[in-house]
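In structure tokens, one chain follows: the form predicted alone.
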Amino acid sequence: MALRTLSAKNAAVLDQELMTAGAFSIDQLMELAGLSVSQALYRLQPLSKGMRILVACGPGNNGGDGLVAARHLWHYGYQPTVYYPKQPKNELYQRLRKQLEDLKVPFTNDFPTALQSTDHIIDAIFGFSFSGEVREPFPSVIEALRDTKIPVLAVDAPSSWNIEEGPPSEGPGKGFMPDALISLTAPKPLVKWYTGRHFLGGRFLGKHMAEKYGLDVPNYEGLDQVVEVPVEGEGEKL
């Protein structure tokens, strides 16, 4: 049975409630999300299969999750490289970048070249709050993610997909189907069209909050921050 999904509107409301009634800070939620992403990557790409990870980060919270994941991956023994072309001046994101700089994690502005020397890619460009047109410099990046043979792990949503309606029928994201997707907190409606491996992460949702939003909390095993869940997508609209 497919897990119940969380709309973009309710995802934003839930995040806000977690930070008010739930007493989480945005730093905590981002840290737990990024940790989940790093563990999903570890399952997909053990160190023995290749250590080079390219993390493509957007300017919002999804990009922040990618920055946190890159830090954890460095500590696991990977060699992350971060593509982060639009960096907000917000203190949180500046601190996340500084943490990576202190570890000597390289940043690049040349995505095509970085793509030629990596073993796996994390797509942390756009998340559940994305809507509208894909703006520069991301159209060519998303096209490259679509066309590459290197495996891609998408964070919460394949970048350019509509959260409610799935993959776009035109534009740079048309035909983009990443190899794996990690949904954070809960799957979004777009999973109806998704056909790759699907993970759920964000092990911070209590039973009361899950029931309030009509969500399923799967059984995470032991110390795991992620759990692989069934995919029932049919791949429509590609």
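Residue numbers run from 1 along the displayed sequence. No experiment lies behind these values; they were computed from the predicted model shown.
We do not show the form predicted together with a further copy of the same chain, though everything after this point is about it.
- With the partner left out here, a further copy of the same chain still marks one of 167-175, 180-188, 29-37, 51-59 in the predicted bound form; by a 4.5 Å heavy atom cut-off that stretch is 29-37.
- At a distance threshold of 4.5 angstroms between non-hydrogen atoms, residue 99 is in contact with a further copy of the same chain in the predicted bound form.
- At a distance threshold of 4.5 angstroms between non-hydrogen atoms, residue 205 is in contact with a further copy of the same chain in the predicted bound form.
- Using a 4.5 angstroms threshold between heavy atoms, residue 16 stays clear of a further copy of the same chain in the predicted bound form.
- Although the partner is absent from this view, residue 89 stays clear of a further copy of the same chain in the predicted bound form, with no non-hydrogen atom inside 4.5 angstroms.
- Every residue in the set 23, 72 and 222 has a non-hydrogen atom no more than 4.5 Å from a further copy of the same chain in the predicted bound form.
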